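Included below are structure tokens for two forms of one protein chain, each presented in isolation as structure 1 and structure 2.
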Structure 1
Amino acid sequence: MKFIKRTDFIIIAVILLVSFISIGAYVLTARDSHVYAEIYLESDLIKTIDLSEGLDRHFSIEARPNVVFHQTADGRIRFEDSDCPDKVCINAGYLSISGQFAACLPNGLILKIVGGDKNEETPDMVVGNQGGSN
């Protein structure tokens, strides 16, 4: 008696194929031509950075000079250095796709990637039922 049958391998292969196609479609559709990085300090938006500018720089914010960010010319950003004890923010790596985020909780900083038209009238998130009844 075999533990795994041929049909099990086929089912696993189909599941993996659908998973990889879904991830690929998400990555391709989530890449916006105009991507911004938002830096929040204690839940307040303090800086918005246009990642499509093509700049390669290291910078920090005035309120937390011990936290250093690195923006690359190819439209990515990350926490470069921090004085926090666990370094989870640094280990998050580079962010470039709309919806990604990293946080340095001991310093109260959140780095969030947003895409599309960046203005005050564009909602961050839509929650609810459209036109349906409960």
Structure 2
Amino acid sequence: MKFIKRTDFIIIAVILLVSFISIGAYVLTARDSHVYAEIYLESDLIKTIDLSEGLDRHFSIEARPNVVFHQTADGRIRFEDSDCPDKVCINAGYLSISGQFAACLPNGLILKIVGGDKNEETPDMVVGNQGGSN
């Protein structure tokens, strides 16, 4: 077996090209949509944040005071600090596009970006709907 062949470069180039094009297409189509951040603790949705509200703040949830989230004014959110050993959650960086998520498995926390199809509704209506269904 050879280490690498000339045809491999073509295969690699095609794979990379297709990947980058689809990343670009996804980011372009998802960028302008209205997104929400959802925080799950042990698979239960415990907090929903409207990322378009323009707040810049650090916060924690009551059950996990050692995990700090940072929400930015331009609609991004990240795990800012955590007491977990591997820091995978912090390493995931800022999230802002629907479909992105970061998980802190040792703490049982998942931060997820959802939405994009809620353009028609105002944030108030969404909050109201959730309150009504509970």
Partner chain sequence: MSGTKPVDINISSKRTKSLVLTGLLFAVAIVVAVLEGMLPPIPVPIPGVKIGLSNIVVMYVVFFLGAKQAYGIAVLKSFFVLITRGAIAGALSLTGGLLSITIMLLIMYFTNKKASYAITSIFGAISHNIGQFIVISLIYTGTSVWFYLPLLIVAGVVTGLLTAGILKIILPALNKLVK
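Quantities reported herein were computed from a predicted structural model and do not represent experimental measurements. Sequence positions of structure 1, starting at 1, serve as the residue numbers. Under this definition, the rigid core comprises the largest set of C-alpha atoms superposing within 1.5 Å between the forms.
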Form selected (criterion: the form predicted on its own):
1
If you line up the core, how far does the Cα of I12 move between structure 1 and structure 2, in Å?
7.7
Rigid core superposed: how many angstrom does the CA of I23 shift between structure 1 and structure 2?
2.4
